[in-house]
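The chain below stands alone and is given as structure tokens, in the form predicted alone.
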Amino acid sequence: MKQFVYGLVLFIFLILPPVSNLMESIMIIHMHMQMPMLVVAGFLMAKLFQKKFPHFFEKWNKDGTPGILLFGIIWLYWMIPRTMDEALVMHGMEIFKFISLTFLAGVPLRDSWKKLGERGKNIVFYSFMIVSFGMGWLYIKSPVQLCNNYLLVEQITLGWGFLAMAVCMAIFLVYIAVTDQSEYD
């Protein structure tokens, strides 16, 4: 219950107009802080949903694959430059961002992660690492401004943020590969 409260407080804090306006005013903070924090809020709140609706999660997300696919689809959708733009100018899209990242990405992520085997977790990490490299390259090398609501320099900064995230994921995967993980099983 404590985690649910933390998640709910984080969610409410993130949807406050001054906070959301500030976070959305800088492209890299919008993509690399606000959106992951919404997923974290859902991740924290998921425990209560799992207790309240155990049969739903057992039936719908038995091995973790459907939940991780839903998480991935929602996350990839919000990486599209146009969706970031629409979230800034259309209130319905902004509401969808808050709901989808919290409840359609964060909740399934928590339910799915422990159900996935090592192979499934590695596939998720490799996929997100490749996507991060691709998005970083796209945002840096694009000759045109991809988001109408952000400056080109902010787009390039976001691209470097994606590349830094991809490098961190690669370092983590190398660390996992070369160290003994048996004590954590």
Partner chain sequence: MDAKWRKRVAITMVLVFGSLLVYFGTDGLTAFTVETARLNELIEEQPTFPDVTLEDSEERVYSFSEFDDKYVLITFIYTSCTTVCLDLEMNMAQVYNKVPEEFIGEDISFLSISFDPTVDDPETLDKYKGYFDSDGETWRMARIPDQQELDNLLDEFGVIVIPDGYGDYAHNAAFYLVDSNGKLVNVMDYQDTDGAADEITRILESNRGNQS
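Fair warning: this is a prediction, and the values are worked out from it, not measured in the lab. Positions refer to the first chain, counted from 1.
One more form of this protein should be noted, the form predicted in complex with the partner chain, which is absent from this view; the next part is about it.
Proximity to the partner chain in the predicted bound form, defined as a heavy atom within 4.5 Å, holds among K62, K52, R119, K141 only for K62. Stretch-level contact check against the partner chain in the predicted bound form with heavy atoms at 4.5 Å: of 39-47, 26-34, 142-150, 128-136, the positive one is 142-150. Each of I73, Y77 and R82 is positioned with at least one heavy atom within 4.5 Å of the partner chain in the predicted bound form. Taking the partner from elsewhere, E86 is found to have a heavy atom lying within 4.5 Å of the partner chain in the predicted bound form.
In the predicted bound form, none of the heavy atoms of I123 sits within 4.5 Å of a heavy atom of the partner chain. Under a 4.5 angstroms non-hydrogen atom cutoff, the partner chain in the predicted bound form lacks F98 among its neighbouring residues. Although the partner is absent here, A105 lies well away from the partner chain in the predicted bound form, with no heavy atom inside 4.5 Å.
Annotation for 105-135: no interface residues with the partner chain in the predicted bound form [heavy atom within 4.5 Å].
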